[in-house]
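This document opens with one chain alone, in structure tokens, the form predicted alone.
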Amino acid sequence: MNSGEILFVKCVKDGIPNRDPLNESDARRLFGEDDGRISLSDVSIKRDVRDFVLARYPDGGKNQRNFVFCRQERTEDGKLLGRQKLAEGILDIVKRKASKNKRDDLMASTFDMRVFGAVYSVGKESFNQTGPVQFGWAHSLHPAETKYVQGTVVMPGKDIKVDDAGEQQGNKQGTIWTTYTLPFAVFAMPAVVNANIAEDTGMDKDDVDLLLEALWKGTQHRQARGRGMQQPLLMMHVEYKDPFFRIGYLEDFVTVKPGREAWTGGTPPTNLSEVELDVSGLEEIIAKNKKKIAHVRYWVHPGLKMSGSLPGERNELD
């Protein structure tokens, strides 16, 4: 497989996919207030990928190589399993429970360890493996303002109780909830793929294909009220001939229309039909480096309006 880069663009409506617990669970803001952009951590995006692979291959898939190590699993009495039990559970299924090389056997059996790397430290057994795929933070392509909203659920938080005088005690209405939400925003996220590190972990072309499928479909199907309705818009995979070359910061070569004034005004865009992605900068930088590029492929949501054209092979996901 080749070293490369991935550019992933998605939009979100009516929710915040990755909240900041240090800021009342509002959106994460890595930039200053005047900048106005909001951000999503790479951890949340890896979770989307892992959950898709876990749902797609609960039995590990072909040759039992696509288990997911970093997952939430509980005992029958509701206690969370730790690293050791999670690892032993996978190694037991692939009949390597007596493994003398836990690192290699887990790399061979788990998709997320081969792709994202792992830090494993249990008793005297420990290893630290950097992953060949590294996601950057996703940043909105425009200033975005969140809204503070409130509502009431039908059920109160506590049951009705009868006191010593025979009177019923309890809430007369349901529990009130409050939250921040994001009406609409478009995000761009970069990632790099390092072929040299991939040799160490055993990551191959099939893993790259599964990663891209999981990035798109995992985002598409990770819907929750708090996280909002997410929609993948554009995904590009650029492979290089030289494993030590990369263009870098592909997300800086795409912009969204309308510009900043529209997003900070009284009527910012609220849906996909009101925005356009300008990829002319991306088209130009790829053409400039075409001698160093082995292959370009991309996927586009049919509802996305684009200005400029993308080079390479257009693909469709089922």
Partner chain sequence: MKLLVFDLKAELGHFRRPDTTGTHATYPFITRTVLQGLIASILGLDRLTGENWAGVGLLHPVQTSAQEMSMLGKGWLGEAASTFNRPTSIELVVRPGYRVYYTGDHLEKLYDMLRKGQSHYHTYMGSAYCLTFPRFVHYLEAEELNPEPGNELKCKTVIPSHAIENLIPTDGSQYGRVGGMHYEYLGNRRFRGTVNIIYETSGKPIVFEAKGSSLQQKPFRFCSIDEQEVVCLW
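Owing to the predicted nature of the structure, the values given are computational and were not obtained by experimental measurement. Numbering follows the first chain given and starts at 1.
The same protein also exists as the form predicted in complex with its partner chain; that form is not shown, yet it is the one meant from here on.
Though the partner is left out of this view, Phe69 does reach within 4.5 Å of its partner chain in the predicted complex, counting heavy atoms only.
The closest non-hydrogen atom of Gly82 lies within 4.5 Å of its partner chain in the predicted complex. Its partner chain is not shown here, but in the predicted complex it comes within 4.5 Å of a heavy atom of Phe135. Residue contact check for Thr255: none of its heavy atoms lie within 4.5 Å of its partner chain in the predicted complex. In short, of 276-284, 30-38, 57-65, 256-264 it is 30-38 that has heavy atoms within 4.5 Å of its partner chain in the predicted complex. For the marked spot (Glu5, Pro190 and Asn194), a heavy atom within 4.5 Å of its partner chain in the predicted complex is present in each of the three residues. A single residue from the set Lys95, Lys161, Lys100, Arg74 has any heavy atom within 4.5 angstroms of its partner chain in the predicted complex; that residue is Arg74.
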